[in-house]
Every structure is written in structure tokens, then in C-alpha cells.
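Here you get one chain, nothing else, as C-alpha cells; it is the form predicted on its own.
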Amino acid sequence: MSAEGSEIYGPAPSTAADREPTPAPAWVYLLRCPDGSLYGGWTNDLAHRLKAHRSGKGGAKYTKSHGRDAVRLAYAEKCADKSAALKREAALKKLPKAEKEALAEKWAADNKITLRMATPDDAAAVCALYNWYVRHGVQTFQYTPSTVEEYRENIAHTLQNAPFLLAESADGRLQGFACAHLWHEREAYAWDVETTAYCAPDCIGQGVGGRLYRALITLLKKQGYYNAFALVTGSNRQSNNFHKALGFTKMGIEKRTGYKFGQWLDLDYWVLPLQDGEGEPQPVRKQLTAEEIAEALK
């Protein structure tokens, strides 16, 4: 299309061919049961498999009889494909208990998550994580990857009004981020925010998103915000269930509101009241003390 034409028309629709391919995920894992025993398995959807074990719907007989909803992830290893995962699962199950415990101990140490407030200098890591979803997913309706400078400005602007939180592993890998932006700019909306969270693809289903969101909500309450809104792609069942579990209520659906990767997408609206009462609110505190922040991020 010519430069003149690009000024006349909007963007060309994103097609299925624009979606960057990703290998089918495959994982081997160990679950810790309440009695201390370890159960090993493989899956191509770690988050869904953990939920199945804990709910008893589709989980293994062993975990059903050994605590079910109290089992927790003790080890996870990403494999190249299903074939590699099946071989690794077989090898894992043959290991002596002591070697399984050593794997679990090292995995826990390597993946210990620390939450902290972002700074503009974190822009490169945050931008890289977010752009994975731009290129591969429909969690965001954005077509063009963001730049590091755009995210540097984004983080700085966000921190003027609300938290921008990072989750990092013990070796400094960014495992996820969560932030809140003003819902609208006009003054009457000053007590409303829109919340956002993204987890690194390799750690989805491991509780990182929940830790980030709970800390974010705690801080927003301390600031005096009254409502947290979340916009979730309708086909993103995992995110919709996640928001429901955290107390959000779905308040509406925008049908066929976005088009990406050759498909129309619905947009679900969720809301979480952060304060009680109908009286006149106090002005929102734009900044919290270091002590308040540290307490929420423990």
C-alpha cells in the first residue's frame, strides 16, 4: 500500500500467518503431596494439569488418594516435545527418592520468587516479556511489538499513580509483572484503575500471577482506589477463571470487538470493588511509604 493509501485506510487486519509459531509445550513435573511423597508426570499444559490434580477431575489416582487439593508443584522441567517429555518422565520415575528430593530442592531455590517495584531501567526485560504475547497470543490486542523506550515511559508514567510490580527468580529472571493504570483520565474516574498482569510463558501455572495480583490489589487498597477493572479476551479461559478466583465479577462482554490472527475476539469486563461504603472518598494517595510497600510484597 502506498504512503498516500496508508493515510486513507486503517491498519490491515492481522492474519493467522502473522502469529509467530511456537513449539507445542511439554513438561515433566513432580508434585508434593501432604504426606511428603512425590508424584511424577508429564503434560503439555502445566497449569491445566495442576488444576486437574487438585480438583480430582482428570487427575491421577495417586494424587486423589494423597491429599488432592493440597498437592503443590515441587519441580517442573520444560522439554522439547511430547516424545522428550515421555522419556524424561520415565527416567524421573526411576530416580531414587533422594535424587528426586535433590531436584526439588534445587528447583525451589532457583525459582524462589521475589516481588519488587519496577523502575524505568527494567524496561528491556518487561518489554521482551510483553512482546512475546504481542507476537504469539491474543491476550493483548496489540499488533506491533512495543519498543524499550515506550516501556521505559510506560513504567515511569504508571508509577506516578499506581504500582508496577515485578516477580523475579533467584537468578534474576523476570517471571512476570503486574501494574495498574488509571481507568480514564477525567477527574471523576480518579478512584478507578485498570489492572494488568503477564507471566513469562515458562512459569504459567506456578502461582506467580496470583502473588503479583494479590500484592497489587493490597497496594491499590492502601492507596484508596475504589474499583479495579480488568479487560480479558473472551477466549482466554485461564485468565477469566483467574480473575473470578481473586474475587472479580464479570460485568459485561463486548462481542466481536477485536480482530487478531485471523479471528474476531470478544472482550470480557471484570470488576473488583476495593473499598466499602458509598460516602465521599478521600483523595487517592499517589505514593505509599517504603514500609507499606515492603509489607505488601512479603
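From 1 onward, residues are counted along the sequence shown. Worth saying up front: this structure is predicted, and the values here are computed from it rather than measured.
Here the subject shifts to the form predicted in complex with a small molecule, a form of this protein not shown in this document.
The chain is drawn here without the small molecule; in the model of the complex, the stretch among 237 to 245, 250 to 258, 33 to 41, 60 to 68 whose residues come within 4.5 Å of it by any heavy atom is 237 to 245. Of the residues given (P120, G137, G224, G207), G207 alone sits with a heavy atom within 4.5 Å of the small molecule in the model of the complex. Shown without its partner, this chain lists F164, Y198, Y75, Y151 as candidates; in the model of the complex, only Y198 has a non-hydrogen atom within 4.5 angstroms of the small molecule. With a 4.5 Å cutoff on heavy atoms, D266 does not count as touching the small molecule in the model of the complex; it lies far away. Residue contact with the small molecule in the model of the complex: A26 places no heavy atom within 4.5 Å of it.
Residue contact check for L272: none of its heavy atoms lie within 4.5 Å of the small molecule in the model of the complex. The small molecule in the model of the complex is approached by C203, whose closest heavy atom lies within 4.5 angstroms of it.
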